[in-house]
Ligand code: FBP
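Heads up, the chain below is alone and in the form predicted on its own; it's given as structure tokens.
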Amino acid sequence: MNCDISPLQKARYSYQPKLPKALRSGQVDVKFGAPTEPKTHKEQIKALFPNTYGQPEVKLVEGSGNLATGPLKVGVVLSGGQAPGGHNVIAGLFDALKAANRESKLYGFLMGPKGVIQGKYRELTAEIIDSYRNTGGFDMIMTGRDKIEKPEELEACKTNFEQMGLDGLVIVGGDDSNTNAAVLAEYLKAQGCKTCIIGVPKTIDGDMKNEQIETSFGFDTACKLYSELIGNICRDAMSAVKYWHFIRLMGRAASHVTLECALQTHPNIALISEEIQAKGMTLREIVDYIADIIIKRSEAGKDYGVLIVPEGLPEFIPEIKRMIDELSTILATEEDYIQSLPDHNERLQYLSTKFDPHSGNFEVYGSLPPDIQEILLKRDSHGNVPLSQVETERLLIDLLRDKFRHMKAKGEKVPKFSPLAHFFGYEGRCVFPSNFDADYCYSLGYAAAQLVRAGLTGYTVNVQNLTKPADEWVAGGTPVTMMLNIEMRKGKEVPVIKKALVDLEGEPFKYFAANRDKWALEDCYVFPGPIQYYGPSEVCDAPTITLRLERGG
């Protein structure tokens, strides 16, 4: 079926992503560093990964071109949530394989890891690849959130790979997916299977980064898209001069998106979950902090403003976490009875007898709006209290309304408060990738092909020096075992790549903290505008402010 395409989509097909100099040369060698080890839990991780533990870091450098030149069969799978640039990872992988040997073949496993387990794939041809270059989304081969971890799943993958004669599999995903890649690589190596496993760092949340991985792909594009929208809201706030906009952003486990968007747009208030946790702030203290800024702006004749907050904020508030832990214990045995009670007042009364009277947790639960109290009484499919379903921006609005209502009842002067709630989430996952992400992802895919050609397994590909022009980028690979630590997941100790939280001693947060008081009371808004793909490099190719501050670029 022939469908219309937009002028921008047509133009983007012809954009040629930039590559690091070494990858452009056509004569790529692998340079090995010293053996590596994780920072913590060394003996546990070594015992779990005896065949892939201690591998060296590698860099891809110009040389004599001593990598394999015979035809290869390589698979690729997209795992987890979408992120702008995924198609360019596949395009870079395809182009690199074909540049080394025109007979090489690339297979896309369909619908995420489930497709790998079930052996569902299609060959990716030049015609297919060309229709997805530099576009957003994961729809070329689709994605899924399944994991490859059970013995029967690992064995099914091995059988499929051997039947296909697969030389390598590239897994495009976040910290869990790259951990999964390490598990699969270890299993295949122990079984004597030739298939190499290479991971690619993806997540718009920006929490898969460390000394080796400077940023995950998709973060740049998503933050630029959200910042455009926030900038538009800031302009609207100054135009209507009567609304407070509360904007919830992606980021359950970390606040990188909120911090980057704050750096790009200078909202009046930006809440950083990691700081709130470090300070041990209560929900009331957070509400008091926001109210104080609203009141001061109102006294200055500004009954408007913009607040941004990460979706995962409640999980970082210590008193909320303690309450959720106790509520979870109660629901483990009492959920059916509590749900059988005829109305919420009776449920609330019954809960008051079940919470520890000395913990203070019932008071915290009772301070929440009734609709949120109800949400928390139904556990999710994993048996957890569904804190992620709480709309953080609406929670804050409700609590602020309560505060101002109580102030008015006591005869205190209250500000005009007309709040509007927004959530910017899925809008950022499938955008046309920025030039930075288009180049970065293409380089990641191109480099992944070289790691497969080198016969390496259990690595996550990286591209470094990202604040410099692409010509100066340096590609290589990091052994996944080097990035692992042991964490408790669902009551069991498991190896995982540690999520990177906002560093409160890092330059991005320190810059934000030094300026937020001014941003709170003055209208210092910045309007980034839409993502630009054509024009001056400083407009079109610049990385995030976070990356520039972290790397001194």
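Predicted model only: the values in this text are computed from it and were never measured. The first residue of the sequence shown is number 1, and the count goes up from there.
FYI, the form predicted in complex with the named molecule isn't displayed, but the following is about it.
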Q.
Just to confirm the contact call: exactly one of 264-272, 357-365, 421-429, 329-337 touches the named molecule in the predicted complex at a 4.5 Å heavy atom cutoff, so which is it?
A. 421-429
Q. Is there a heavy atom of residue 203 no more than 4.5 Å from a heavy atom of the named molecule in the predicted complex?
A. yes
(Q) Since only the chain is shown here, I'm wondering whether residue 250 would be in contact with the named molecule in the predicted complex (any heavy atom pair within 4.5 Å). (A) yes
(Q) Please determine whether residue 125 contacts the named molecule in the predicted complex, using a 4.5 Å cut-off between heavy atoms. (A) no
Q. How about residue 311: is it within 4.5 Å of the named molecule in the predicted complex, going by heavy atoms?
A. yes
Q | One residue of 458, 477, 136, 80 in contact with the named molecule, assessed in the predicted complex (non-hydrogen atom, 4.5 angstroms) | A | 80
Q) Pick from 465, 352, 388, 159: which has a non-hydrogen atom within 4.5 Å of the named molecule in the predicted complex? A) 388
Q: For the heavy atom contacts within 4.5 Å of the named molecule in the predicted complex, list the residues of 142-164 involved, in sequence order.
A: 145
